[in-house]
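Shown next as structure tokens: one chain only, the form predicted alone.
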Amino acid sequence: MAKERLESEGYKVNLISYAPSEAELIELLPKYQVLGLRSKTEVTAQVIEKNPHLLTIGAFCIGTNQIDLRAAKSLGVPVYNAPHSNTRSVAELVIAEMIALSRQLGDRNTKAHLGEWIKSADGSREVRGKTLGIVGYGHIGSQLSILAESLGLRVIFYDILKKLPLGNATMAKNLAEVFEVSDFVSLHVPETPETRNMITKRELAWMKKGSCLINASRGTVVVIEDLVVALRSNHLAGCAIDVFPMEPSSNKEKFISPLQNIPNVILTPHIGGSTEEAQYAIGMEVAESFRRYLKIGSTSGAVNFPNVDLPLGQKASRVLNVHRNEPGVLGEINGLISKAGANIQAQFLSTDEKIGYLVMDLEVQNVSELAKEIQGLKRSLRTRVL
């Protein structure tokens, strides 16, 4: 739907069915002004620097760790993602996995397909009355919290930021407090240097004997070898893992993991957000971000850029300028505007520690010439006329 949405606005869209390498991207991108990608495509600093003409980049997923955000910002390229669109799908999968682990559904289903009849209540429990620990109380974690409470679970969570608990959830002081009391621990954190290898044998030892771990966040968060030891020693009763440190680059490549063939282990191929509803919502969210940036210069929702969302003026030319955030830049630009005899209908500047993003609606006869002069300022990174 993203393709159709953008084409309805008059843009030409080409789809590539695989994740191009760095060299392939560098060769491909000179033909395009906008790049949309999924989590498997790496957009390095070299890719961005070799293609400074790019206007914007969009990740059709939650994470943006596959994009060099700093390099994009330095060239005035805003990056968008879809942080809200698949939250329900991931939360529902975690609920399903909790119940499946509690009832050992994966193993019993497999054995039934093989002709084995394992009808027993041993190790099979309800989730009602149990405790769910959530690590990362963002869009997904908080929605999971509400769903879990509706099933009768007690919820405790930990986040590095202070968050408002929803429902009857309680916030823990640290990770250990969550792990020690939870029957299920579900991870919902981004991939950062702080979360890489965050769950090791130490953290797994904190977990209650007979509890279960669920990871639908990032594959680098859990040290898989330590998780295998915790499972084979029966310290953990099971786990459900949707993301892995190394994942196949396509559906044709064989998947191999040390977690294979361990009892009560559910392995899924990174499908937390892979529902038709979520994919539709993701496509529409990023497509709308592209449309608004290309049409009116809105950077609302950009992950690496000052956020500006200014309605279009009447009978005016809109000029967008990205510059280094240093004293005196706005004065220099306004000096050029005054020299050109332009009237400012609206002007909005937003900055972060590195750059300033200036949106201006101007009444001026030769806007292209004025934009060229603004771009010629030594601290201008990019100037565009809509």
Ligand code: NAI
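All values reported here derive from a predicted model rather than from experimental measurement. Residue positions are given as counts along the sequence shown, with the first one as 1.
FYI, the form predicted in complex with this ligand isn't displayed, but the following is about it.
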Contact segment among 105-113, 248-256, 303-311, 129-137, judged by heavy atoms lying within 4.5 Å of this ligand in the predicted complex: 129-137
84, 243 and 273 each touching this ligand in the predicted complex (heavy atom, 4.5 Å): yes
Selected contact from 74, 264, 299, 195, since only one has a non-hydrogen atom within 4.5 angstroms of this ligand in the predicted complex: 195
Contact assignment for this ligand in the predicted complex, among 121, 164, 205, 161, heavy atom within 4.5 Å: 161
4.5 Å heavy atom contact, residue 211 to this ligand in the predicted complex: no
In the predicted complex, residue 230 touching this ligand (heavy atom, 4.5 Å): no
Contact label in the predicted complex: residue 98 to this ligand, heavy atom within 4.5 Å: no
Contact label in the predicted complex: residue 78 to this ligand, heavy atom within 4.5 Å: no
Those residues of 179-205 which, in the predicted complex, come within 4.5 Å of this ligand by heavy atom: 188, 189, 190, 191, 194, 195, 198
